[in-house]
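Have a look below at one chain only, the form predicted alone, in structure tokens format.
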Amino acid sequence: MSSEIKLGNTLIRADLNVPIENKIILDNFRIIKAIEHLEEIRKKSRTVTFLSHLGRPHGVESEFSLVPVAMEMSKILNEEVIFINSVYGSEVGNKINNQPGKIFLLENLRFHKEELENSESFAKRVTQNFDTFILDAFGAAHRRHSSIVSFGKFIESYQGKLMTNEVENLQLLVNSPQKPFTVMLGGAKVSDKLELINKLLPIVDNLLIGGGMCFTFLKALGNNIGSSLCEDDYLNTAKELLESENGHKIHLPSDFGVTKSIDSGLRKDKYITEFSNDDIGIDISNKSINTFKTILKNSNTVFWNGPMGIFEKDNFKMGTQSVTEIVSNLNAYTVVGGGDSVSAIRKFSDPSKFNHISTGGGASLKYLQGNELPGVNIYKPLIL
């Protein structure tokens, strides 16, 4: 691609779907990633306009407005990001055409049902004020929505650098991980990660399982897990995995921080063999942390998705904090699959200590599972 590329009025579909409470942004990681290559794009553009979804509104709902995101972007860039209370029409056209060199953010795409319906007429209306479209929303690339798969039918379109970087890093895990390759999974449910486990278990050397999901496996082995989270419908599936050809690769915690009531915040550390019927396992404890540490330190590639416990509560953060610190100091190639793991990293470590942190939890898991993502590689990569 020639260095003389001119993008004109550029529209970027980013993933700015960040947690917001009382109009305060709780985690701006996706915003930071969305503007990572902004200056390169601005040099070739007349204007740059971002658009995104936020949450799952039913029609126009003020609590899902992107106004706080525009304010946060302005703060990070130390420059006003002009918010436009629409996604198409004369208001958009007039503002961008009268203010060259500026950055804009349009309102929530999902205020329009046509976005979710993949309406081509909606795609045409949104793109008509622009010369170039860049799809850079990896976190939404598994959705067959209008902004993901149809905008490129009407204007010159590219796959953004963030998208390309995500795909390259995840491809490396599946196609050519340096061995030993360890995957560490946490979170609440086995059902959410089952497809991923089936896909990765044959190619990994170790699969570490923590979080609430480990109790389904532990119960399948005949342990009394007390009142801990368990998906009884998946007990047979868990047992089959443990007894399978690659079952020896699965490593489960042996000790936990337990409580009688999550709300009480009271913690007692116990081995799984000591659980009483009213014990709730909320976090992994010292022996399990050390076991995981030994395996992780002997790994050359690590993929991590999901916390080891309810780390938002101080008494139950030990396991997640420990594995965060362990993984952040490895010499291995480290990839983190988005979601709560990113929040843990920002709380307990530094994102720069990891080789790659995905902006799309759900999308990264679907990609690793081998599922087709409608928005991936449908446009030529942007090279500036």
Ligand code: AMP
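Just count from 1 along the sequence shown to find any residue number. Worth saying up front: this structure is predicted, and the values here are computed from it rather than measured.
Omitted here: the form predicted in complex with the named molecule. The next part is about that form.
- With the partner omitted from this view, the residue of 152, 212, 226, 177 that lies near the named molecule in the model of the complex is 212 [heavy atom within 4.5 Å].
- The listed set 167, 188, 221, 71 contains one residue whose heavy atoms approach the named molecule in the model of the complex to within 4.5 Å, identified as 188.
- Picking from 155-163, 126-134, 277-285, 71-79 the stretch near the named molecule in the model of the complex, with a 4.5 Å limit on heavy atoms, gives 277-285.
- Although the partner is absent from this view, residue 253 stays clear of the named molecule in the model of the complex, with no non-hydrogen atom inside 4.5 angstroms.
- Contact check for residue 296: no non-hydrogen atom falls within 4.5 Å of the named molecule in the model of the complex.
- Using a 4.5 angstroms limit between non-hydrogen atoms, residue 205 is distant from the named molecule in the model of the complex.
- For residue 340, a non-hydrogen atom is located within 4.5 Å of the named molecule in the model of the complex, even though that partner is not displayed.
- Highlighted residues 21, 27 and 139: none comes within 4.5 Å of the named molecule in the model of the complex, counting any heavy atom.
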